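Presented below, as structure tokens, is a lone chain in the form predicted on its own.
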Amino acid sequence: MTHHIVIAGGGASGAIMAANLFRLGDGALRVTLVEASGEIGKGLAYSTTNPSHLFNVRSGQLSAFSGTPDHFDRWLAIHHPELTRNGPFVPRGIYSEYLEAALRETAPVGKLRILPQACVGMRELEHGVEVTLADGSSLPAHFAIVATGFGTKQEGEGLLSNPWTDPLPEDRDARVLIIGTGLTMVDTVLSLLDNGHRGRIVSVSRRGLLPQRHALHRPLQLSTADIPLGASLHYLCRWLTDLVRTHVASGGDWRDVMDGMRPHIQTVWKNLPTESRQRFLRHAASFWDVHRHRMPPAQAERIDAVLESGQLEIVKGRFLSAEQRGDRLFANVMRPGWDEPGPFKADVIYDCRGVRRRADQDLPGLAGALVESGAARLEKLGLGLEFDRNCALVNMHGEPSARIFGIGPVTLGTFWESIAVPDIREQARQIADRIASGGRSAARGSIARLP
């Protein structure tokens, strides 16, 4: 019997999921990718066409398949050999091309359907899932996967520009303010510079920290037995700091330790007490991110140069709100030591804070519909929907679904590390294996018949 799987979201997470389903399945399945834009493998990160927007991980880590780590490198050598001469950090814009190639390679003829619609609801039935589309129609499926990414809106954002979709300022002398100092800020600054921007650029964040730069290193070999799982955040941070200090003293690099931790981060997060997770988000997440998510050397050199010239300034402060006075925008920012916020004047304000902001019950799109219907609930920290250890969606009663799963950024709150390709492809493998095993029992029943 052929099983039908619907994937809501056709970005990188959805495309990697589909490719793994076809590669790991027995051929008795068909997949519908529901993506409003109709474009596959892009989403926010990979829709860029700017060659200065580079992956912040080496090409050898970008295979869509856990079992074939050189899959992307082999494709790159054939289709874009010129990029391999510039080192292991390649432009992100080519990744959707690679993912489309991976789907062509794995999907049998007639088994993949791209549906240019938005998914607005899912309902689990006895033998399947009813997937509701924006036009009011429904799709019956045996399994469904949420791959929509995750974003939140905050008050005042109507005055903030989206760095991925809004045009660059026509006035190249415009004063630009950027909220956030992470990798999205780096991409935005490089876009401005590539466009010939001459005006002052100010970037503000609570810690005022820039991402560290990549360098040659060798990941430290760690096992879960080496890590104090379940310990408090204070103890865990002290253990990690001591490990870095000892390793550097013996001639190693701090990057060795950070990348040695990578395979264990989800396990550490799941075993971290809730109170410690909350403290981590308040006090340590920024420090973790700047060391964990690093700049490629080529980007770091350009950012260093524009900092040295004074065109770019990094300011420590907390963004509160934005307002418009005449033709100018003002961002209200509370800086350390100030009794009240001060206004930062700008012609354009870009919101580059990324996805790790707390959500609320008024979620947009599919995520909000799932929570409203009771098919899902927010995890304890409110970072996203809750999933069990097998990526199964957890409903309002705390019960994991047998037929609805999540992959990628939408699972952020449950797994923390779920936004990079190595994490997403491992989730895809696990879900594909789970569906294959569940499919055998589901085959005894027919596909969901809609009422």
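The numbering used is simple: start at 1 and walk along the sequence shown. Bear in mind the structure is a predicted one, so any value in this text is a computation, not a measurement.
From this point on, the text means the form predicted in complex with a small molecule, which you will not see here.
Participant: Looking in the predicted complex, is the small molecule within 4.5 Å of a heavy atom from each of Gly9, Ala420 and Ile424?
Facilitator: Yes, all three are in contact.
Participant: Taking the partner as it appears in the predicted complex, which of 55-63, 385-393, 398-406, 23-31 has residues with heavy atoms within 4.5 Å of the small molecule?
Facilitator: The contacting stretch here is 55-63.
Participant: Is Gly43 a contact residue for the small molecule in the predicted complex, using a 4.5 Å heavy atom cut-off?
Facilitator: The answer is yes: Gly43 has a heavy atom within 4.5 Å of the small molecule.
Participant: Using a 4.5 Å heavy atom cut-off, state whether Arg92 contacts the small molecule in the predicted complex.
Facilitator: So Arg92 counts as contacting the small molecule.
Participant: Taking 4.5 angstroms as the cut-off for heavy atoms, does Ile114 touch the small molecule in the predicted complex?
Facilitator: No - in the predicted complex, heavy atoms of Ile114 and the small molecule never come within 4.5 Å of each other.
Participant: Does the small molecule get within 4.5 angstroms of any non-hydrogen atom of Thr68 in the predicted complex?
Facilitator: Although the small molecule is absent here, Thr68 would stay clear of it in the predicted complex, with no heavy atoms inside 4.5 Å.
Participant: Which one of Phe330, Trp164, Trp288, Trp269 is close to the small molecule in the predicted complex, taking close to mean a heavy atom within 4.5 Å?
Facilitator: Filtering the options by heavy-atom distance leaves Trp164.
Participant: Just to be sure I understand the contacts: of Leu366, Ala322, Met258, Leu312, which is the one whose heavy atoms reach within 4.5 angstroms of the small molecule in the predicted complex?
Facilitator: Contact check passes for Leu366.
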